[in-house]
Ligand SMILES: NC(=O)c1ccc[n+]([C@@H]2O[C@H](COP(=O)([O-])OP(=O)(O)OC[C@H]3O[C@@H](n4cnc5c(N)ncnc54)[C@H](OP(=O)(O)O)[C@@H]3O)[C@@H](O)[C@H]2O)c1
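The chain below stands alone, shown as structure tokens; this is the form predicted on its own.
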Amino acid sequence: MTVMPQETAPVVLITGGAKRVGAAIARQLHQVGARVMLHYRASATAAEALAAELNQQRPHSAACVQADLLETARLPDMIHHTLNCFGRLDGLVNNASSFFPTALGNITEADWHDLIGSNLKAPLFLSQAAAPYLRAAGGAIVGLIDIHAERPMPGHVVYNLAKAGHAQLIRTLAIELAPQVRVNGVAPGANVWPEGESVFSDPVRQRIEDSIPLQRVGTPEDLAKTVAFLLFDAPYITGQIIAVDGGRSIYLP
């Protein structure tokens, strides 16, 4: 991948860009020359520290924007803030995601609102707000999906539905926004485990890790490199979802 000069560097908005996978994506895109807008909801300290780190490497190449993605009316403001900071928008990475179990019989409307809102509704309305500017730039959208969008994870009914919806959104937007904008997805398998108390016990984690043909858990950097490829080095790829899972989806029922 060729590093892009600063004066023509594309601008990419990354939702959930302050930590974990989002931060890895931001660093990877910045490394190849892009300017990045880091969205965060509550992780202000992490977002500002990452922006400072990237701006130290290359001045005026990173900035932050705060928003709750469930507040749909505020989503266009994120696009306008990016345009005000950098003057253009070339890419959107729909990375932010809620994840928690919802076993049938215990599902609440609050669960539905959170999981569908962050994983499907926000990507739709943010992509809609970004579309005119991405069309003008000949840009691209990449969404973070999940291998369980195709093969449901037990005990996670609403999350499975939300990610399946996001996968279909990607395919639909690829048609709606063609030929100016390409839209693709990345589907992680076992990557960084959820923070805090997890539904994955040590034996479950071990069983998952043992089932991966490449014999290791993925890293945020694995995902970030694929996102960068789809944004900048895949001019004839659209409507596709690439599993970055070490081959684990081969074994799923």
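The first residue of the sequence shown is number 1, and the count goes up from there. Nothing here was measured: the structure is a model prediction, and the numbers come from that model.
Unshown form predicted in complex with the ligand; subsequent notes refer to it.
Using a 4.5 angstroms threshold between heavy atoms, residue 27 stays clear of the ligand in the predicted bound form.
Under a 4.5 angstroms non-hydrogen atom cutoff, the ligand in the predicted bound form lacks residue 61 among its neighbouring residues. Using a 4.5 angstroms limit between non-hydrogen atoms, residue 224 is distant from the ligand in the predicted bound form.
Looking at residue 51, you'd find every heavy atom of it more than 4.5 angstroms from the ligand in the predicted bound form.
Interface residue among 230, 21, 14, 11, judged by heavy atoms within 4.5 Å of the ligand in the predicted bound form: 21. With the partner omitted here, the stretch from 93-101, 80-88, 175-183, 126-134 that lies within 4.5 Å of the ligand by heavy atoms in the predicted bound form is 93-101.
Using a 4.5 Å cut-off on any heavy atom, the residues of 55-74 that reach the ligand in the predicted bound form are, in sequence order, 67, 68, 69, 70.
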